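Just one chain is shown here, as structure tokens, and it is the form predicted alone.
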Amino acid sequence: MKNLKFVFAIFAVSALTLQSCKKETKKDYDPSQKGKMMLHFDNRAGADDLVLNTGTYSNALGQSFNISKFNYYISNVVLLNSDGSKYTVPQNNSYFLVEESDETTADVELSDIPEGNYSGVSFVIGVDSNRNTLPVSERTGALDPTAAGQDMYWSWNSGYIFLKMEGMYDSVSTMKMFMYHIGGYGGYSSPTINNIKNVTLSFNGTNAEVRKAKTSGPEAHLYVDALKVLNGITNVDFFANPMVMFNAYSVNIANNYSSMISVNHVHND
């Protein structure tokens, strides 16, 4: 009888434990409800804030320079839920141009996001081949080559510039200009340079809690280190390569900027 009571006791404890686990794993959100989320792109130069024109920086080769322009495209945004699911932002609403000269472009607001606890994000630095080859009349918003995207489009090459960095470097006796306009989506009718870069970032253990009731939504604060465009897999030499556009060397710069973005923090207020 004692053994039987012991078995019943074990069964009762197991049932309570199982019930407790079920309560713990119950979702505290409803994916059928929609909220919003912000991605904030904070352009930096190493540990410092990026300052156009007046800021003075050094690359990995010890060459002194300043930056007068720093623009880049972010597209094809996918939010990674902590439960393993993903939410892909509709493609028509998933192209953003960040310009250091215009602080309003630093905030990318994502609307109509299913409620969830998002643990990371993935996106493309650049513009995919489909959008590069659409009729111009169908490219709107940040991609409009006659308006917002005009400064980031090669009319002679019918393609977008994914990242544009310009400035002046110290050439001993005088300051000289450097200009890096990096693009290339792989080619339309034949293979060419492909500098589209896919980036996946974890929120480092903090979930972005998207809820319908939140008026502002959570924000993922991302650091974008402009120095990494020049330093990394290839340390760019201004003297050897002051002007880089649609040529083979652009691949080296694209490989560098694929790691320029990191997560600083996420807040849910």
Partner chain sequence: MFTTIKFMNKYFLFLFALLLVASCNKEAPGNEVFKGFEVPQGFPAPTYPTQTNPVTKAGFELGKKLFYDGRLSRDGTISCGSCHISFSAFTHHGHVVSHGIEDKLGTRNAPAIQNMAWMQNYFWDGGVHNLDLVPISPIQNPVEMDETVSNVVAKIGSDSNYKKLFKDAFGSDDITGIKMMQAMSQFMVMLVSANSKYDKVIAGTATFSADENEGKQIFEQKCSSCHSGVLFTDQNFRNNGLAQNSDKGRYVITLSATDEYKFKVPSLRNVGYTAPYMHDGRFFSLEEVIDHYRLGVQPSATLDTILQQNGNTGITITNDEKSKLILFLKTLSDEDFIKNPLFAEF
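Numbering follows the first chain given and starts at 1. Here the structure is a predicted model, which is why all the values come from computation and not from measurement.
Another form, the form predicted in complex with the partner chain, is not on view; read the next lines as being about it.
- Contact annotation: Thr146 falls within 4.5 Å of the partner chain in the predicted bound form, judged by heavy atom distances.
- Interface residue remark: Ala142 is not counted as part of the site for the partner chain in the predicted bound form, having no heavy atom within 4.5 Å.
- The shortest heavy atom separation between Met175 and the partner chain in the predicted bound form exceeds 4.5 Å.
- The partner chain in the predicted bound form comes within 4.5 Å of no heavy atom belonging to Gly84.
- Partner contacts here mean any heavy atom within 4.5 Å of the partner chain in the predicted bound form, and among 110-118, 192-200, 67-75, 162-170 they occur only in 192-200.
- A single residue from the set Asn93, Thr88, Ser122, Asn157 has any heavy atom within 4.5 angstroms of the partner chain in the predicted bound form; that residue is Asn157.
- Contact residues in stretch 209-237 (any heavy atom within 4.5 Å of the partner chain, taken in the predicted bound form) are absent; none meets the cut-off.
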